[in-house]
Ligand code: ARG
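Take a look at this single chain in structure tokens; it is the form predicted on its own.
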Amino acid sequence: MNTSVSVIASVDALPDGWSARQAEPLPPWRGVLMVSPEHFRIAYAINLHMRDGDGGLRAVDPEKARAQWDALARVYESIGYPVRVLRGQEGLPDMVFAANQSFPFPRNGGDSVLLSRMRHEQRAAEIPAFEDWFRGRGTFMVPRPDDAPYCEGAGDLLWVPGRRVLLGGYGFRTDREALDEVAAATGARVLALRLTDERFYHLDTCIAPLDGTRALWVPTAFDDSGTALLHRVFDRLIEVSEDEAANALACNAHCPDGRSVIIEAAAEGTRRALEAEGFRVFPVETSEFLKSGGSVFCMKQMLF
């Protein structure tokens, strides 16, 4: 591992004149990994979204969830990203949120993956299925001890589009110490962003990089240092309304190619803002998955 690569926690720690656009380019994505939803339900509460107004667990409509999952997969296929499917497992209802269990990355001419260590024991058993899947593809597995810091994959690790620079969220699910491990493994500079609002427990719920210059975001989800770093990375941060951020997870949108944005259909104001910016927007319904605190970005893992 390259331990010389730093984690940056404040603008003052960046080199003079630094810009993400100067960083090494990333290869394009080759496809999408999704986990089939037949076992998806809400069996416990590990975030604020999973309970209704009376404090009970929200109920999922399995047929509706399947239809929504299928529709999302079709959108990815339609914009040029083949979907590979890992079968969900009984007793692992959150396994369908495929962004969290791993972090694939290109390194030294091949594919590598950093497997997650999940914060909540209810999700820990999801990891072996992903390990087996990546091993079956011949992916290099970054060694991690059993007591490694908590790190929840692409839920808290987002590439600045097209560049070997990572936004690293920490505070609720991922440990700050894990970001040092990520920087060393990937060879990427990691910008450390402390999350401050438990409604936005993963980084992918409060910021959505769109291209090299623009991103959707929820300003109240970050502290002052994180806000300053994000303004240094992106020329334009498009603020999402409080309602759409919390209730439609508008920042869990995904723009895999710098042009096409897939977003929860209920986030109508954010959709209009994206269209005004010139993006091609694909609204999809993820209402059943929103009940569990996830939407578009959570439901897939991008593959190099």
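Quick note: we count residues from 1 along the sequence shown, nothing fancier. These numbers were taken from a predicted model, which means no experiment stands behind them.
The following text describes the form predicted together with the named molecule, which does not appear among the structures shown.
Comment: 90-98 is the region of 107-115, 181-189, 90-98, 163-171 lying near the named molecule in the predicted bound form, near meaning a non-hydrogen atom within 4.5 Å.
With a 4.5 Å cutoff on heavy atoms, Y201 counts as touching the named molecule in the predicted bound form. Though the partner is left out of this view, S260 does not reach within 4.5 Å of the named molecule in the predicted bound form, counting heavy atoms only. The named molecule is not shown here, but in the predicted bound form it comes within 4.5 Å of a heavy atom of G155.
Of the heavy atoms in I46, some are within 4.5 Å of the named molecule in the predicted bound form. Heavy atoms of no residue among G31, S102 and M302 are located within 4.5 Å of the named molecule in the predicted bound form.
Residues are counted as partner-facing when one of their heavy atoms sits within 4.5 Å of the named molecule in the predicted bound form; in 274-304 these are S292, G293, G294, C298, in sequence order.
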